[in-house]
Structure formats: C-alpha cells, structure tokens
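One chain comes next, on its own, written as structure tokens: the form predicted on its own.
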Amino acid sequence: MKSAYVHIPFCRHICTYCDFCKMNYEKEWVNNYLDTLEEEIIEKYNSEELETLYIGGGTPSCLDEQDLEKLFKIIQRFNLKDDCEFTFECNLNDINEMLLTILKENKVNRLSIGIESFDKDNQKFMEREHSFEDAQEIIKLARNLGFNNISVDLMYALPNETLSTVKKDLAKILKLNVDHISTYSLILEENTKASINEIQPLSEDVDAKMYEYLTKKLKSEGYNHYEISNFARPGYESKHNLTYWNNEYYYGFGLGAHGYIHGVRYENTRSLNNYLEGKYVLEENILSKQEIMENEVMLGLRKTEGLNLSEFFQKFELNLQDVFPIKPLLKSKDLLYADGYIYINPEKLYVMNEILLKLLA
C-alpha cells in the first residue's frame, strides 16, 4: 500500500454540476467529522510508508485555520516518505497567503486548483466567479511560497459553449504556466442542480471537436498527454492518480471515499450520520481474478502508453491476448502495439468506452 486518499466533503457553495460527496460548511459538523475521520484512520491504517497522499473533496480549502490545524494533526498519523507527493485540492477563491503557508508548513507539495473556466457565461452556469487576473495573482503567490507542482482543472462542453470559448479558456490556462492540466467534459449527473434544471448537453460531435483541439494544442505546447483527460510537463504526471490507473492498492478515508485493498474494492457511506456513528463502509466487493484483470485493462488503457504485456503476465500468469479479444481490435486499429505495450489508437481516444466494451464483452 503506497497511497491514501482523504475526503473532506465540505463546501462554501455547491456548484451546479457537482456530483461528488459534499455538503455545505458547518463548523460543528466539521469538528465532529474530523474527530471521526481520525478514528477511521486509527482503525484502518497499518502504518505503511506512503508515496502519495491526496486530500480532496468537496472543498478542503474551505476549512478555516482552526479546522486546518486539526486536520493536519490527524495527517501526522501517516508515515510519509520524504519525497511523498502530497496533493491538496483548492478552490481558487479560497487561496491566500495564510492557507498556502499552512499547507507548506505541513508538507503539502502539490496544489490542485479548480479553475474550470474563465468565461462569464460558463461561470454563471457553474455558479462560480473568478477572473484570469485572480488566477495569475494566486499562481504567482504560490510559486513565491515554494509550490513547484501546480495542477489546474479545465472544464469544457458546457451548455451553449463554442469551440471559440474553449480556445480562449485554454489560451489563458497556458499563460498561467502550470505544471499539470486536467480537462473534463461536462457530464450531467443525476441529482445535480444542472440535471434537476434539465440542462441539455452539447452534441457529441461538438464535444469531440473540443477534445481534439485540447489534446493537439496541449501536446504542441510541450505537455505530455499521459492519460485520456490529463496532461503534464515531463516529470509532473500525477503519481497519485497513476496509482488508480495502474490498478494498485490504496486507502480511501472519509465520507464517500473509495479504496482498494488486497483485492477488495470498497465505498464508504455518503451518510454523515452513519459515518459519525462509525459505520464507515457502505459496500465491499471481493473481486475475482477475472474482475481484477478487467479492471487492469479498463484502467490501464486510460493511459496513453497503455498496458505492458510483460507486466500483465507477471501479475496474472496469463497472456493478455489469451484472456481478451485483442487480435480483432488490433486488426481494426482500435488498438495498437509497440515496444511491448498495447494501447488505444490516439485517433480513437474519444471513443475509448466503445473500444473497451468490445474488449470486455
């Protein structure tokens, strides 16, 4: 076990599109929640040395100074490697010198900042508000305080959005000179404000053109397209997220968190009351060897380098092509082979799910 995810479900404001486990910030709830989070970590964490730690949400950056002090005392229970990649998710509007100083003092070395869009119409839909100048100032402050690994999120295919808007957003993101960029097409999930308001998605054709532009432009600017939605300057790929895509074990602590330990995938409850009563886990699934191999394929093919055939054999003592119908997909050029790796044809990444369905049928 080399990775752990810690979920902070509180937000100052709930965004229109958000389907993550979250709730409005209430001081009393935060105190009780952090007490229970510590109890869960004490009960489940086996003192392994962690190579990556990720605090996400929700909006962890909405915590006040007292909350953060309490959170990081809990985090001290983890045995972190000296070079541990320690990520903290932030809302741009929450970031100030006080927050960044606290993060730096507590060994956070990677920031993940939710920008999403600078376009005013997009922001109105998302119920967010910030400017490009705000982002520039915050990134500069973070750099001055020693944060040398900064990731930002860019959302596209928002209602009524045009390719021109995406181009303008990406141009501004590039001017921020960050190390990692995650790009997400809007998904209208059930029970979100957007779904309740019956917002209609853009056509798949428009969505695909936006994705094609983003991938080509980011690669031309020197970013490594290492996962279907993620781009990084060389050496700044997210080690924590690669734990997921490499189908490796990780802890998930907190409300609604997911984890994968020794062949068992689990999901924590989304009920705050149940969680505070110590009923942490909602569901556990003991995976068969076939299910583990299927996860290996589904997750591994999200990476643009794909799956290493030799590593698959070492892990499962089976050849990939003997378990899954690789040959017809190689013939159709849905999949390609090079240097011991099977990977999705870069020209077909947008229809990756269709390819996976053929592969796992």
Partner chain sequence: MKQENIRNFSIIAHIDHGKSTLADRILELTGNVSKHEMKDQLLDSMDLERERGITIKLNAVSLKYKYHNEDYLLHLIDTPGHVDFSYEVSRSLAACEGAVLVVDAAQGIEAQTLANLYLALNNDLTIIPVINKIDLPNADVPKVTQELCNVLGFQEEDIILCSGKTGQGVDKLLEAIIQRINPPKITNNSPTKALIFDSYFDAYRGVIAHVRLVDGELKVHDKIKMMATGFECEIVELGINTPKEVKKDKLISGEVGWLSGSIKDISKVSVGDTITTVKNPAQEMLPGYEPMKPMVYSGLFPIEPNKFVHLKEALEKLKLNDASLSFEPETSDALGFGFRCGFLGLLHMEIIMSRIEREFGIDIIATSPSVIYEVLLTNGNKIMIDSPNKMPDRATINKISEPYIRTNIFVPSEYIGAIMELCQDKRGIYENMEYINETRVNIHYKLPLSEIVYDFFDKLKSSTKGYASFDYEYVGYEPSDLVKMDILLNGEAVDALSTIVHKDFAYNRGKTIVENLKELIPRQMFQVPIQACIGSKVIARETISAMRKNVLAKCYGGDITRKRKLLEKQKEGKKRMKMVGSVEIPQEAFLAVLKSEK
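Positions refer to the first chain, counted from 1. Since we're looking at a predicted model, the values are computed, not measured.
The discussion below concerns the form predicted together with the partner chain, not included here.
**Study point:** Distance check, Arg302 to the partner chain in the predicted complex, heavy atom within 4.5 Å
**Key:** It does: once the partner chain is placed as it appears in the predicted complex, Arg302 has a heavy atom within 4.5 Å of it.
Exercise for review: Please check if Lys209 has a heavy atom lying within 4.5 Å of any heavy atom of the partner chain in the predicted complex.
Suggested key: Output for Lys209 is yes: heavy atoms within 4.5 Å of the partner chain.
Exercise for review: Although the partner chain is absent from this view, report whether Ile342 comes within 4.5 Å of it in the predicted complex, heavy atoms only.
Suggested key: Contact check for Ile342: no, nothing within 4.5 Å of the partner chain in the predicted complex.
Review point. Would Asn24 count as touching the partner chain in the predicted complex under a 4.5 Å heavy atom rule?
Key: Taking the distances in the predicted complex, the answer for Asn24 is no, it never comes within 4.5 Å of the partner chain.
**Study point:** Partner-facing stretch of 96 to 104, 166 to 174, 179 to 187, 140 to 148, counted where any non-hydrogen atom is within 4.5 angstroms of the partner chain in the predicted complex
**Key:** Comparing against the partner chain in the predicted complex, the contact stretch is 179 to 187.
Point to revise | Interface residue in the predicted complex among His225, Lys239, His258, His130, criterion: non-hydrogen atom within 4.5 angstroms of the partner chain | key: Looking at His225, Lys239, His258, His130 one by one, just His258 meets the 4.5 Å heavy-atom criterion.
Review point. Looking at Phe118, Phe231, Tyr250, Phe125, which is the one with a non-hydrogen atom within 4.5 Å of the partner chain in the predicted complex?
Key: Checking each option against the partner chain in the predicted complex, the one that comes within 4.5 Å is Tyr250.
Practice item. Spell it out for me: taking the partner chain in the predicted complex, does every residue among Asp205, Met298 and Tyr350 have a heavy atom no farther than 4.5 Å from it? Key: All three within 4.5 Å in the predicted complex.
Exercise for review: Scan 343 to 361 and note down the residues that get a heavy atom within 4.5 Å of the partner chain in the predicted complex; none is a fine answer too.
Suggested key: In sequence order, Lys348, Leu349, Tyr350, Val351, Met352, Asn353, Glu354, Ile355, Leu356, Leu357, Lys358, Leu360, Ala361 come within 4.5 Å of the partner.
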